[in-house]
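One chain is shown next in structure tokens, namely the form predicted on its own.
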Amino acid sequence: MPVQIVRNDITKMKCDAIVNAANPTLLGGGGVDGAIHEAAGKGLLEECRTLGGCKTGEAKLTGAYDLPCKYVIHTVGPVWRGGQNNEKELLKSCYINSLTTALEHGCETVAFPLISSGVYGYPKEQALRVAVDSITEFLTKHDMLVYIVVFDRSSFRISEKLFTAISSFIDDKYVDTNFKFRFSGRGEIGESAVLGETQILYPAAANLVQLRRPAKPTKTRSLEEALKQTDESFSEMLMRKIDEKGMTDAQCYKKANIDRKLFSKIRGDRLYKPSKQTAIAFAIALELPLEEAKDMLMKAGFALSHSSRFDIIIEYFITNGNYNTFEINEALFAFDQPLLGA
């Protein structure tokens, strides 16, 4: 654990193994396959000639030659034929077999391209979903750092519906944090105008009044409970919440996309100060409602702000009850924001 989405050239990734989206001959081709063969040099092609090709969904390992990694794992993705020809299962096999091969050779870090999403025509949004689901399934049982490497924005896509919903939520929250006014008086509210970051609504006749949201009701706590938690550190609050949720430590840090070693540091030091992304990742893993998530952030010395796109995206997912760290990271990546976890 964990999974990271990065924008990079996969031939420049310094990790134990990179995965090549190969063709069945393993003798090179276009796209990622051609780039890896070119960067690795002739030695890679010579070794590939000894392997006898590779079937769709399977994986074979070679040396890396001139590449800055130890190994290249070659896997053959399915050609997209409408989704009714076992494409999803074959694509999942590419990821699982590649990761199994990496594990067998002692690899701790592996970098994948989005397999089959290029000339093989697999829809990028669906290819990403299969990649994340397959990798996270594997990592629930094994500790490994896995990168999903995309070369540019055009090769990465979340659903248009989700992207639009988040964009609208961001726009609404940005307005809420600045001066938002309405006019009251006779007649209905009419046209509106946006001046800088101030939205003004024009009715027939008016007085200027500032809109205020009603305060949300808060849960009451006993005085003893409140006093006990006043001096509670982030680490202590995290461990308490894990126990209250009935989770194991491993379930929590893996769901949060956090490395086991980092979790051990937090557990062992009651005064440990995590990064904001790490604190939020744990709040997401624990599926805390918004107010409790804010309390956990405060213990780490942070707060959510409507002047930050990152914070608004986090609020969007929490308020919509979606606590899937990997889906949240996909959205954060799409909006050029830092990712949760390690």
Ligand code: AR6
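None of these values were measured; they are calculated from a predicted model. One-based numbering along the sequence shown.
Below, we turn to the form predicted in complex with the named molecule, even though it does not appear here.
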Checked Y174, Y272, F151, F163 for heavy atoms within 4.5 Å of the named molecule in the model of the complex; positive is F151
Going by heavy atom distances of 4.5 angstroms or less, which of A111, L238, L114, V72 would be at the interface with the named molecule in the model of the complex? L114
Residue contact check: K124 to the named molecule in the model of the complex, 4.5 Å heavy atom: yes
Going by a heavy atom distance of 4.5 Å, is L45 a contact of the named molecule in the model of the complex? no
Is V119 near the named molecule? Define near as a heavy atom within 4.5 Å, in the model of the complex. yes
Would you please decide whether G30 lies within 4.5 angstroms of the named molecule in the model of the complex, comparing each non-hydrogen atom pair? yes
Please identify, from 287-295, 31-39, 273-281, 307-315, the stretch that has a heavy atom within 4.5 Å of the named molecule in the model of the complex. 31-39
Heavy atoms within 4.5 Å of the named molecule in the model of the complex is the criterion; list the residues of 3-29 that meet it. N8, D9, I10, A21, A22, N23, G28, G29
